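Next up is one chain by itself, shown in structure tokens, the form predicted on its own.
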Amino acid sequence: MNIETIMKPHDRLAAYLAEDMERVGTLIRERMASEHAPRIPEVTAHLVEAGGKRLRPLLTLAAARMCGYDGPYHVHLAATVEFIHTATLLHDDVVDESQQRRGRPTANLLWDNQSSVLVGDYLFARSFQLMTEPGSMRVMRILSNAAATIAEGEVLQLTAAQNLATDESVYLQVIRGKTAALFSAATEVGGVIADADDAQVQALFDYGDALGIAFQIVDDLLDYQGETGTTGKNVGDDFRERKLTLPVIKAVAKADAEERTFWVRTIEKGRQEDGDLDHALGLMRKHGTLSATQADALSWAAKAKIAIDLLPQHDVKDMLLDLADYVVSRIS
């Protein structure tokens, strides 16, 4: 069997774009340096060097390559995307009081909340410096809008996460902000820097948007039916943290009066007792909300594949099609 056929799509993409990704890594290390505040590279390196798929910068490089770009600035844009993502992770871990990220202690645990927030701010500032270097106002508008949308999505989640009035449209707005906005910006700017035509740039945006939504729905579903060794977190963490994600939103929508009382106590009021997680899972199975959530994820992955079908044939295109399938294969 050919080794490429057993590699995961993001690994194949990373191997194909290895030279560009090496340049992205070099640029990230250069730009996360600080002459006057050594804590900045310490904190940043802890997260950046922890691994992770680097999926978002890969998407930028892939989009640019697929559209025939041969200049240097796709590397700057890929680094910009990764800086924005890393900044949001640092801030998220403070907000969520997280203790583990990618299997390692979080920066806020190793240092403190102040360091995590301020280094995150520094990375946001660095990302804005980087995005100006290609000299494209359109690129700057896309990436700065994405940064604002991400922040807006996180704030919306604060108010929506424990409110049983939150419906699927609000949930979609939240995950479009906190996850899909950076996916779609990553793919869109790759097309823009390559001077792709408007239809191709829109197709890249639509692919990133749908892929990001599918990615987040799958993450939320895995919280209830994943394995700790695979997901890196314990089953039911979202329930314990009272996060109103799609499987629960669907269950609440179908709840009778007794079931609704249970959701009010555990999610809105946060009075959780032993056995509540099992009861919650039982209600989700009763109403078929886990399978319905899986169907939604599959539908968004299919939309991503339809969107990218408009782009010219290329080895990268095949990998991006496989990536959409892989994102949802984690729940099969």
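Note that this is a predicted model, so its numbers are computed, not measured. Start at 1 with the first residue shown and count on from there.
The following text describes the form predicted in complex with another copy of the chain, which does not appear among the structures shown.
Novice: Does Leu277 reach another copy of the chain in the model of the complex, with heavy atoms at most 4.5 Å apart?
Specialist: Because no heavy atom of Leu277 falls inside 4.5 Å of another copy of the chain in the model of the complex, the answer is no.
Novice: Any chance Ser34 has a heavy atom within 4.5 Å of another copy of the chain in the model of the complex?
Specialist: Close contact exists here: in the model of the complex, Ser34 approaches another copy of the chain to within 4.5 Å, heavy atoms only.
Novice: Flag Thr261 as yes or no: does it have a non-hydrogen atom within 4.5 angstroms of any non-hydrogen atom of another copy of the chain in the model of the complex?
Specialist: No, no contact at 4.5 Å.
Novice: Looking in the model of the complex, any heavy atom of His91 within 4.5 Å of another copy of the chain?
Specialist: Flag for His91 set to yes.
Novice: Counting only non-hydrogen atoms, which stretch in 180-188, 144-152, 74-82, 197-205 is within 4.5 Å of another copy of the chain in the model of the complex?
Specialist: Comparing against another copy of the chain in the model of the complex, the contact stretch is 144-152.
Novice: Using heavy atoms only and a 4.5 Å cut-off, determine which of Val117, Ile249, Val235, Leu172 is in contact with another copy of the chain in the model of the complex.
Specialist: None of the other options qualify; the answer is Val117.
Novice: Can you pick the one in Leu164, Met140, Ala255, Leu222 that has a heavy atom within 4.5 Å of another copy of the chain in the model of the complex?
Specialist: The residue from Leu164, Met140, Ala255, Leu222 that makes the contact is Met140.
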